[in-house]
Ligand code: GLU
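Single chain ahead, by itself, as structure tokens, in the form predicted alone.
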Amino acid sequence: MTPVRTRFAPSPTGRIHLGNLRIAVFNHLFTRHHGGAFVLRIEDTDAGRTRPGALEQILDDLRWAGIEWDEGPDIGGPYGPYRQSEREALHRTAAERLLAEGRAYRCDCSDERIEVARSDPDFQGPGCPGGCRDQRKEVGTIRFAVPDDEVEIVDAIRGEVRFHGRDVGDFVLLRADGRPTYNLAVVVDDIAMEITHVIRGAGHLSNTPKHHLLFEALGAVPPVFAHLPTVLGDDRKKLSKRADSASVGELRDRGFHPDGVVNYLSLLGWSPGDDREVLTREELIESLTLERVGASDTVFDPEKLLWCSEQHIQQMPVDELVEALRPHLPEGISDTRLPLLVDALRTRLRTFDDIRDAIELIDPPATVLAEGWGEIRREGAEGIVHEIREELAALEAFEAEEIGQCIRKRGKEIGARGPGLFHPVRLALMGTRSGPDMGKVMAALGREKVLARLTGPSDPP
């Protein structure tokens, strides 16, 4: 069997958004499932739209998402991506070949003239309305001569799809200044790179008959086409890069778990065939095939994306989580108690950046602690807090499990349990009635700080 080869081909016009990344995710996971090669190719033939620094951002975003490509020019380490602009000689050669073989022709009609002519109900097409197809012109664009026949494509997701040449129309291969168009460049490069599967968004379906015809005209077997379902926003309209979809860089800055993002994007149109929604990267690679990708539109859910990030954070070993959280920690956090702190707060984390709010929850301003003691006094629960303080002061091992046992034991002895026991202690400790596991929080804060808080702001030391 021919080894699977796929490609991701973004344009360097800005940062990758979630819609772009989803295409990369499907190609990458599918390729890894089949043990093939994943190619990164930058489509930068339109120099006017290329933004400075965009290429570097694309590479950074892909690497953050754990999507590494397998080959390319030896730059950027270990490989840089292929750049379409450096391959224009190949594109022009292909266009000249089609011209010489009578599969293309020169056309000097303006776009406006062609559009006006095509709107005429008497125009049959698919040829040029100006009659250029039947003439031998020396200047102008090079157009592909689309057959006046049906074009049939078998899509791996949508099944049989049919187009007619009259609807496709003769399309430009080379502009009048010699620059190749997207439709020509993408096919020539796919042939040269031996791409076996083209997995892309449904928005490209209208380009597929052009590409299919070009593959055949250039003597190549067309790849397997697979058009993923369209992603819609909450308003059931196509997801907008500007309005609905955060860039990958924004998600990175906000501290989303990259595996959680990849996991969520894989579920937009695909299912593993069981009840699983949280899958590791290895499980995704093992499970993802095109057979379980649906053709129906799918809806982007920001809350589900957050949930996936949270689930992957909760599965991390503490030492790995500590390292992942370091860039998001406020200043002044001691390394000594950091693993205990992270273990206490991990259930509050949906993103890595949530660690800031979580730390503030267990280490609040003095005013918050004073308000907590105010509630304790109004409820007459000072005695419960002081009893627990005395018990904890005598505790030999100030560790989470022992602390929890100690609080419950002393509470039982003084007839306090449930909310009547834990609410006053938590109000004294954090100024709130709810929060993370109290034993873990106390172990993370340390005996000295815990005893000071349980003493109260106006009590004698």
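Since this is a predicted model, take the numbers as computed values, not measurements. Note that residue numbering begins at 1 and tracks the sequence as displayed.
What follows is about the form predicted together with this ligand, which we do not show.
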Contact of residue 186 with this ligand in the predicted bound form (heavy atom, 4.5 Å): yes
Contact test in the predicted bound form: residue 9 vs this ligand, heavy atoms, 4.5 Å: yes
Residue contact check: residue 61 to this ligand in the predicted bound form, 4.5 Å heavy atom: no
Contact test in the predicted bound form: residue 215 vs this ligand, heavy atoms, 4.5 Å: no
Which of 196-204, 338-346, 270-278, 168-176 lines the interface with this ligand in the predicted bound form (heavy atom within 4.5 Å): 196-204
Partner-contacting position among 163, 182, 307, 300 - heavy atom within 4.5 Å of this ligand in the predicted bound form: 182
